[in-house]
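Only one chain comes next, encoded as structure tokens, the form predicted on its own.
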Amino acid sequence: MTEQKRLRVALQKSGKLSEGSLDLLNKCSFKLRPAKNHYLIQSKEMNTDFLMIRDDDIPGFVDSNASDIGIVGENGYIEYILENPEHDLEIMAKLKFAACRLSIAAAHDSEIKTVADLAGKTIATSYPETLRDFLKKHQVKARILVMHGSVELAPKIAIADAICDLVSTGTTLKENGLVELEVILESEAVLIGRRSASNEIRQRTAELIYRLQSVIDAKDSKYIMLHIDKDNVSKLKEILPGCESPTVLHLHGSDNKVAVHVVSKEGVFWDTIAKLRSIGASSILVLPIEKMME
């Protein structure tokens, strides 16, 4: 019997994307514990090798077949494909973590208030191709200054009039006296692969995506158990967000009360609990879901 080829997965070695990737994969039973100077983690789970590298290098690793698939920020993926129009890459799945946005920002007291005001100005960024593509679409001519780190300081030290950088909470912008003018793109972690990948790699990637998706789907979902008058069961769907068809069980010793088990796909918060109590629900139990298979 031919030994199964190992699936090579490129991951960010350190940083927020790395933390989110490892957390998601570990919930899929990979049990990854990277050491500081280790660039290769071999897992018996799905016969997989994890290559721990810089996030900027991940699209190139996958595109050149040094890795079969990789987890990267969508912003990094877009920058790569704009820079390499002959690429062989595609997004296989969106992973619902590491959400951020690539935005243009300028000093709060700057004369730059709109995209049109960028004409003739200098914009500092680590994403020159994405910015160039945006400016071209808006027919704005501006000078692009490429920086690799501390982009938000460029207006303060007077080497640029504006910046184009990743924003998560906006705190860093505020600390440097900057305000967002325009969001160029919304980004999150994505799983990328090659369009020309073999059927074997595609099948194994699909198996991995199934595992990842089951964890992602369960992340904000809750399993809810409660007691309620059977006449009020129909009101549950109006109160519970993302509610599937509930399981209704007869309660021993009660003619009118029933036990209801239901999955809510959009989470359950205190205001939801209050609404359930308002229609007579009692003995409410809300449990997290580790995995949810369709």
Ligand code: ATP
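Since the structure is predicted, the reported quantities are computational estimates derived from the model, not experimental observations. So that there is no doubt, residue numbering starts at 1 and follows the sequence shown.
Missing here is the form predicted in complex with the named molecule; even so, the following discussion is about that form.
Using a 4.5 angstroms threshold between heavy atoms, residue 45 stays clear of the named molecule in the model of the complex. In the model of the complex, residue 276 stays away from the named molecule, with no heavy atom inside 4.5 Å. Although the partner is absent here, residue 73 lies within 4.5 Å of the named molecule in the model of the complex, judged by heavy atoms. Within 4.5 Å of any heavy atom of the named molecule in the model of the complex lies no heavy atom of residue 283. Only one of 198, 168, 84, 150 comes within 4.5 Å of the named molecule in the model of the complex through a heavy atom, and that residue is 168.
Of the candidates 89, 100, 184, 215, 100 is the one whose heavy atoms come within 4.5 Å of the named molecule in the model of the complex; the others do not. Partner contacts here mean any heavy atom within 4.5 Å of the named molecule in the model of the complex, and among 222-230, 30-38, 47-55, 246-254 they occur only in 47-55. Residues from 10-37 that approach the named molecule in the model of the complex with a non-hydrogen atom closer than or equal to 4.5 Å are 12, 14, 15, 16, 17, in the order they occur in the chain.
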